[in-house]
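First, one chain by itself: the form predicted on its own, in structure tokens.
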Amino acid sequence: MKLTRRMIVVAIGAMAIAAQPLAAAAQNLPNNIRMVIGSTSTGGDTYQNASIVAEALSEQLGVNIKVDPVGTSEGLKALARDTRGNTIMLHHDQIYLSHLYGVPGNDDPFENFIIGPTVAINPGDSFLVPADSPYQTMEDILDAAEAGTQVRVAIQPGGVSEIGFTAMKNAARVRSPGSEANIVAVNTGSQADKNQAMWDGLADVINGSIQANEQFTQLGADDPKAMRFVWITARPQTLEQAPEAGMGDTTREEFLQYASPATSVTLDGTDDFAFDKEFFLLYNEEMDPAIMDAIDTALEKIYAEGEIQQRQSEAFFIPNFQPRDEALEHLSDKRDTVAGIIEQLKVE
């Protein structure tokens, strides 16, 4: 078919119209954006994820995006104060879990902010015991609770760390009502604090992560810092997307032995409890929708291009882009499921 001058002009016009929404939205973007995160650490998974996303967004949008590790409460305050779009937040499920657990200063994010796209999953949330622990499996731990033995679990209260602990109590209650009282929390703080609680003999089990704790599982059994995995909370279909080589000296196949269905922590006597630690963006609810659209559209393009997935996989994260509306529906369903478990244990 021969292209006429009129056809070419019409095609160029159509391309220009298609490009208008992003271009127009991008015009409203601030030149400098502060991405606050719900962690005060620059060495943890939240900072690592935020850095990867901020760098990709900066290149795509042509603006400067700086990651600021201020912690959950301070991050939410900063986001609530800024309606101009100069501040956005990246964090994970702790945002709504801390509200469900009643942590002071953490209001309901679904009511007070706009839930943005999801960007990644950390499949490494896990629980570990000392290498010389009598508990070889989660079955042993729940059996001990049923037999009346107190099992002390070191956690950081009010977040992803505590939801695994809550799931343990729930499983104990489902298997043998009343035995959940023998699963007790040792409230600590950072990963270093939880590790130390184990090494000091204050905890029988600790919450940890593949990224932070795998190195200790490789120590000799006589090393006082040696530990073993007993449970990984991630969904098996999530963990199966991790690199086959795994992390450190532990393969993906070996990690899968600690996740459902090989390791069962029951939810209701039929299905297993599983929980992915998911990272997502939050926006101020009064922020210009055009700015949100520009960021969301840029993210969609970044994930379509595929380079960010490689960077996330290299850091043992599972790429997980979901647009804003899908993310809201998915995270709302997830919130409702865990809220039921938390509320039931509160009542009892």
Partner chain sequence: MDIFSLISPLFVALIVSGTFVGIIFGAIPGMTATMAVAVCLPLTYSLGLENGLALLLGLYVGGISGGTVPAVLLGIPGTPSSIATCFDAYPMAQRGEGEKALRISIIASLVGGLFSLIALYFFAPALADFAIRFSYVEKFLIIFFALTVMAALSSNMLLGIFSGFLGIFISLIGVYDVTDGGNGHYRLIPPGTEYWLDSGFSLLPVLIALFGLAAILEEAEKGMPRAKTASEIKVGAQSRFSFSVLKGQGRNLFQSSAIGTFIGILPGVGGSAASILSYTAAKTTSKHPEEYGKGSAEGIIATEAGNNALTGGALVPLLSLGIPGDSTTALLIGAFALQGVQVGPLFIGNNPETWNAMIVAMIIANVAMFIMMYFAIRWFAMVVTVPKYILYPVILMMCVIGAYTINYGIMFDVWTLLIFGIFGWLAIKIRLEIAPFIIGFILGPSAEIYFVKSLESFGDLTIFFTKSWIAVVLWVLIVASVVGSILMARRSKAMAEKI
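Positions refer to the first chain, counted from 1. In this text the structure is predicted, and so the values were computed from the model without any measurement.
Quick note: we don't show the form predicted together with its partner chain, though the next part is all about it.
Partner contact region in the predicted complex: 212-220, out of 212-220, 175-183, 141-149, 121-129, criterion any non-hydrogen atom within 4.5 Å of its partner chain.
In the predicted complex, its partner chain sits within 4.5 Å of a heavy atom of K66.
Shown alone here, G248 lies within 4.5 Å of its partner chain in the predicted complex, counting heavy atoms only. Although the partner is absent here, F110 is not a contact residue: none of its heavy atoms lies within 4.5 angstroms of its partner chain in the predicted complex. Among heavy atoms of E55, some come within 4.5 Å of its partner chain in the predicted complex.
With respect to its partner chain in the predicted complex, the three residues H99, Y135 and P236 uniformly fall beyond 4.5 angstroms at the level of their nearest heavy atom.
Between its partner chain and the residues S260, N195, T266, T87, the one pair within 4.5 Å by heavy atoms in the predicted complex involves N195. In the predicted complex, N187, T188, G189, S190, A192, D193, N195, Q196, W199, D200, L202 are the residues of 179-204 with at least one heavy atom within 4.5 Å of its partner chain, listed from first to last.
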